[in-house]
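There is one chain below, alone, in structure tokens, taken in the form predicted on its own.
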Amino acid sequence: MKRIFIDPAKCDGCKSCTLACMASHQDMTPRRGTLEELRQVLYTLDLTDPTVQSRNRIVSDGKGGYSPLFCRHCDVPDCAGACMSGALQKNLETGLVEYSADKCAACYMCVMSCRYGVPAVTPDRERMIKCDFCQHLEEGPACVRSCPKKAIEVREV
């Protein structure tokens, strides 16, 4: 199983990971393509469009440092345990917590129960979003590939 690991000491808060995530999922439709193709999408990314959301975020530690927040795809995910509709499920094969919008009842129990505060409500309040590990991209998560400081990496666990 693969997981995203973060070295907050390397993060300078540039938000390249956030923009890459937004470009990868623009219009709520995961985009396929290479990193170079995603970079081209960045030039047309409408940051005023509320439907263009990131599945990660950067928070300040209050001391001049930053910490990227990503879904940890927990071994025992509180979000999936709280999901009464079955929209969030732990895939034991991949280790990822997967989301099915078709099953989502928009109750947001997942948002309230995640100890890391990762799942977010979409602007239309019809569903939630969370990291999907960019399974739609052949080269892996866009956030990892876009980080100029190499603060984010994928490791086998």
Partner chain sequence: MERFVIIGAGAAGITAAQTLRDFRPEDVITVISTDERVHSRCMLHKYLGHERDIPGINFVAPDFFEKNNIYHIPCQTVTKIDTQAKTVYYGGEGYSVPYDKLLLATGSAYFVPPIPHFREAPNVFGFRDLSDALKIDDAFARGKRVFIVGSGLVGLDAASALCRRGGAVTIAEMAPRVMPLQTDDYAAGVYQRVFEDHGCRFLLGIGASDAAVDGEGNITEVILSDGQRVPCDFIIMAAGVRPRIQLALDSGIKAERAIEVDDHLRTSAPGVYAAGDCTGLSGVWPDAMAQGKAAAENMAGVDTVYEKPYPFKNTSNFFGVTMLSVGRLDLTEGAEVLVHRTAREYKKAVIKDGRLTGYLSLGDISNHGLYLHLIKNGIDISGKKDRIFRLTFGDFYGINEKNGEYVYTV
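Residue numbers count along the first chain shown, from 1. All figures in this text were calculated on a predicted structure; none of them were measured in a lab.
Not on display, but discussed next: the form predicted in complex with its partner chain.
- The closest heavy atom approach of residue 45 to its partner chain in the predicted bound form falls outside 4.5 Å.
- Taking the partner from elsewhere, residue 117 is found to have a heavy atom lying within 4.5 Å of its partner chain in the predicted bound form.
- In the predicted bound form, residue 96 stays away from its partner chain, with no heavy atom inside 4.5 Å.
- Taking non-hydrogen atoms only, residue 51 never approaches its partner chain to within 4.5 angstroms in the predicted bound form.
- Three-residue candidate spot 10, 131 and 154; no residue lies within 4.5 angstroms of its partner chain in the predicted bound form by any non-hydrogen atom.
- Of the residues in 48-86, those that come within 4.5 Å of its partner chain in the predicted bound form through at least one heavy atom are, in sequence order, 57, 59, 67, 68, 69, 70, 72, 74, 75, 80, 81, 82, 83, 84, 85, 86.
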